[in-house]
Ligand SMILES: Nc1ncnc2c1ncn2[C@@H]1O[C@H](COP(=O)(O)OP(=O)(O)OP(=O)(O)O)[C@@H](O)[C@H]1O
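Before any questions on how it binds or moves, here is one chain, the form predicted on its own, in structure tokens.
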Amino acid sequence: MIDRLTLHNFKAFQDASLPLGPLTLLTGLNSSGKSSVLQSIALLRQSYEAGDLDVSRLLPEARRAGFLGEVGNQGFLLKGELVGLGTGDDVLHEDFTEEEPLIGLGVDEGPYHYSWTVAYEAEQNLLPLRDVESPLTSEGAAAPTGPEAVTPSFLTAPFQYLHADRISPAEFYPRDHHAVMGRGFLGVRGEHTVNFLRIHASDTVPAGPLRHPGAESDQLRHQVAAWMGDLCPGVDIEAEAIKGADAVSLSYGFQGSLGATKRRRPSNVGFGLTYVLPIVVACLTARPGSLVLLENPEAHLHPMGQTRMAELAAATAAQGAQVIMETHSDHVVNGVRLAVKKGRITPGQAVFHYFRGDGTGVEVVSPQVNADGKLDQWPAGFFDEFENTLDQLIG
């Protein structure tokens, strides 16, 4: 699990050090840096998966041999499957202080710290690796060497990253065997979710916080239906392959007072169900050690559904995965607070960060939650619009 993320000259952040937990909520005004936090993690993962961030270069013996002098095509890959950040000119913080600007990202995992520094090149989308920091224990001693010891777990752990721009209701969805079977990846828009659900419908959701007590069985298809039913009562889902085509279809059924109704196309049930489906599947299939990054999971959901979505995220963290969410919803924030109060996660497992900035710099305020779900501070702008508007209405 990532315990801390550090950013240097990366987008809105000149220097930032953010503690992360099993469940971390990133909140704040638009363009205040929330998405950049998720993008920085995805950028490291993207660079590693493309072979552009060789972790063997972290080994002390490689550094002593001057291996960094032969880095070749190594560095931050700004344009790829997970994120498309443009060129170096798009990601360099405006107020860098070095004579030669450098961009750095680092993570702490338990006692180990890892960091990568790249050089700035204005028009390039692969920023060359300039330096790496060997993993050190918190006492400053060198960590054990070897590929297993040196590789940060978040680079190889099961991983999902769902953008705010997710799949919308459609007739067909892609049928990509490698994405689903080879990688278990839903796609950044959730475009592989329907095919994933088709293939893994009979998989078991392990006993624990994620298993819905009202589901027909512990199979994924019934667990997804039960959690989706909390958002829209009586719904069930079917995913089927289209014969002779590299596509799958999705349909919804509803249990009415007189029995099941006819099945309906996604376009006939509104955006909400289809938009939230990848979130539900990502959470239910997360296992201990998984990393799940979510942008605006509340999109197109009514307030009760947003609160329930927060409870699902809390259950995912309680099951052993790490969930980092960007949200603009006070219902999501309150849903996490409620999960703490109900004892579904501990206060120490929930981390809140509120970002506020002026377009060039970012200030981060981090309220702490107690066992009663109460926050120790409520900074100006932190989901206080209801009270502000009410004061004007009754004033």
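Sequential numbering from 1, following the sequence displayed. Model, not experiment: these values are computed from the prediction.
Keep in mind that the form predicted in complex with the ligand is not shown, yet the notes after this line are about it.
- Proximity of Q46 to the ligand in the predicted complex: non-hydrogen atoms within 4.5 Å are absent; the residue sits far from the partner.
- Although the partner is absent here, N370 sits far enough away that none of its heavy atoms falls within 4.5 Å of the ligand in the predicted complex.
- Although the partner is absent here, L92 lies within 4.5 Å of the ligand in the predicted complex, judged by heavy atoms.
- Taking the partner from elsewhere, L18 is found to have every heavy atom lying beyond 4.5 Å of the ligand in the predicted complex.
- Shown alone, this chain has one stretch from 46-54, 332-340, 345-353, 30-38 that lies within 4.5 Å of the ligand in the predicted complex by heavy atoms: 30-38.
- Counting a residue when any of its non-hydrogen atoms is within 4.5 Å of the ligand in the predicted complex, the hits in 294-332 run E326, H328.
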